[in-house]
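This document starts with one chain, in the form predicted on its own, laid out as structure tokens.
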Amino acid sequence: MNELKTINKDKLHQLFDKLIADGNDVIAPKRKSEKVFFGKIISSSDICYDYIQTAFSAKSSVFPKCEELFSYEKNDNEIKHLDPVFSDKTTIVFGSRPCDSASFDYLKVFFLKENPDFHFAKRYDSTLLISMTCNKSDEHCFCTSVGISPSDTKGSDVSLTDLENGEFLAEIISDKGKKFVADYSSFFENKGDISQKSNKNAKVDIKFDLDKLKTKIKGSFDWDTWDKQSLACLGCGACAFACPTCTCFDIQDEASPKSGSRIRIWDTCALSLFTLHASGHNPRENQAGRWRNRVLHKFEYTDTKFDMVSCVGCGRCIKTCPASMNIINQVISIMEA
């Protein structure tokens, strides 16, 4: 059983201000106009607590939208290779919902299981994830359909539940979380009752049977379902960039005669150029093929390869899509085909 403590809101704010004063980066939900985004805060007063889901996930804290893999300098006939410099400070990501926290488990498997990615590993090792369980949801939430719940602690180092009395129940999950709480023990109270959590979390109805979907989708590659579903798709990639588990990237070189760098940037299989060969051939030449690849990747390919679906049910793809495509309805139509 996880170790339990409590922390009141004033102490939580004091903790964040202390972390910032000590030189750590704190990433937390911040309100910008009508939406809430993750961003670096300079004071605990910047934190927004009134949100169901942030517009984008905190994935970029460990997998940046654009990052330098290495650089070089050339002097006469000598070439000097330069690796990126990583900070020794901890990055604290606060306020991720259980679906987002679970996505970190998938990212860790993707980037570290077979050919460990040095850059991801450095960022992940120096990141502490303090999640917030969900006390409300909306019609786009479907975490319970993919094996997660509004009270889940998967992927978290510390999980907080708002007890709505000025206090948060703190569940200490990982060794990293235990060290953090021990280092800042003066901010926490040595009390906590897990039964306090049960009536504080949102209720999210199961929208589809995941086991049935995984069985049905295995034979769907040649179905005309993909043509019908993709008719509305603009190929803009918004769903992928908002998704906490999409990991597609491109590698580009930027250079001058005397120096250069190799950079990694987010990419997506929703874009036509993603699979375009130098010959001009494109194995996924239409949007139906690209949409099919996205859905099969989420619910079949990663399940086969890693024994986990790469969808956490956050609903961001539904909210972000300019054509109002709904992955829940489309998954259900596959099951009914």
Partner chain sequence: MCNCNNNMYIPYPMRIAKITDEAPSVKTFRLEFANPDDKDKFSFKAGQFGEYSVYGEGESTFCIASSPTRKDYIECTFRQAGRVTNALANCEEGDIIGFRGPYGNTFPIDQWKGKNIVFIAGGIGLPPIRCVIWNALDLRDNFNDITIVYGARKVEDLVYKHELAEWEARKDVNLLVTVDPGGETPDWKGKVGFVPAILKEAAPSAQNSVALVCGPPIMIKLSLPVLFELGFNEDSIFTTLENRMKCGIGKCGHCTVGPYYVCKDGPVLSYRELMALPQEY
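Because the structure is a prediction, the values reported are computed rather than measured. Numbering follows the first chain given and starts at 1.
If you look for the form predicted together with the partner chain, you will not find it shown, but the lines that follow are about it.
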#### Entry: Contact check for 174, 179 and 188 against the partner chain in the model of the complex, heavy atom at 4.5 Å
no
### Message
Against the partner chain in the model of the complex, would residue 51 count as a contact residue? Criterion: heavy atoms within 4.5 Å.
### Response
no
### Partner contact for residue 69 in the model of the complex: the partner chain, 4.5 angstroms, heavy atom
yes
### 4.5 Å heavy atom contact, residue 91 to the partner chain in the model of the complex
no
### Query
Even though the partner chain is not shown here, does residue 194 get within 4.5 Å of it in the model of the complex, heavy atoms only?
no
### Task
Pick the stretch from 161-169, 79-87, 197-205, 129-137 whose residues have a heavy atom within 4.5 Å of the partner chain in the model of the complex.
79-87
### Query
Taking the partner chain in the model of the complex, which residues of 109-128 have any heavy atom within 4.5 Å of it?
110, 111, 112, 114, 115, 116, 117, 118, 119, 121, 122, 125
